[in-house]
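As a starting point, one isolated chain is supplied in structure tokens, in the form predicted on its own.
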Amino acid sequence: MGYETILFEKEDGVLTITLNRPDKLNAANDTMLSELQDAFKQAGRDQEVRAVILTGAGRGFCAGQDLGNVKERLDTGGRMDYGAHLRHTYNPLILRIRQLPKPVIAAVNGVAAGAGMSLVMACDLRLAAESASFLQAFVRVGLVPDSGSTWMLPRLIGMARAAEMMLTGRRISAQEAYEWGLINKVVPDDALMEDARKLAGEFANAPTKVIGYIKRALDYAATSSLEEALEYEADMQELAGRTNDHLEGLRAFLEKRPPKYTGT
């Protein structure tokens, strides 16, 4: 793929998307946001892709929104229409990641700030290098947390800690993020991508369609009653029971052998 601000690399069923503006700590501009939307769209369409890794080049994961465009508007006496910008860029991107019917792993190699932290939270599993850090930087520039932060962060770490991060803009370390439940694992810096690829490789040999159904069920349950969640689980289970991978899993269990899933 001929992208300008991201790298798009596919190997053995794993797609690695790398934010590639290292001189800006991978701060997101309009081009990057558009290219990320396209990359995740391609990931959804490509049946060969069965797991996705999202990471950053250089020493940062993503420093959030590149404020260069905002400065240009201020210099010319204008103002940024933040609402329109979110509705056109970040909002559809976050939804595309969450709704991708395949597992997405964040490999956080450095600072994840503001909307960059939202990209991390939108992923299904999150690995972080020991040197990584996280902050809700919005309050520092007089803005409200966006890109799904107010929905995702309290669900991951609880309301009290989410409020602390958002109201103070305090940076937390990878270890603290792990202890709070924001990330799944902290690894040495030089082992981050090895661990991420190993996990993605396991997903690339897993029942992909069923993983998509699990993602849908989790998101639905987050805003539904128990009765609604039970009914939705039954719907998803009906779909899962029709997959080839379910039949293969049953046969493998009965034949006492490892299953060979095809993602169908």
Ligand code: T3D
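Predicted model only: the values in this text are computed from it and were never measured. One-based numbering along the sequence shown.
One more form of this protein, predicted together with this ligand, exists but is not displayed; see below.
At least one heavy atom of L135 is located within 4.5 Å of this ligand in the model of the complex.
In the model of the complex, at least one heavy atom of D146 sits within 4.5 Å of a heavy atom of this ligand.
In the model of the complex, this ligand lies farther than 4.5 Å from every heavy atom of A217. Though the partner is left out of this view, R197 does not reach within 4.5 Å of this ligand in the model of the complex, counting heavy atoms only.
With the partner removed from view, the residue among I94, A129, V120, A113 that has a non-hydrogen atom within 4.5 Å of this ligand in the model of the complex turns out to be A113. Exactly one listed residue, out of A204, L36, A27, I211, brings a non-hydrogen atom to within 4.5 Å of this ligand in the model of the complex: A27. Stretch 60-68 is the contacting one of 44-52, 60-68, 217-225, 232-240, since its residues have non-hydrogen atoms within 4.5 Å of this ligand in the model of the complex. Applying a 4.5 Å heavy atom cutoff to this ligand in the model of the complex picks out R171 as the lone residue from 147-172.
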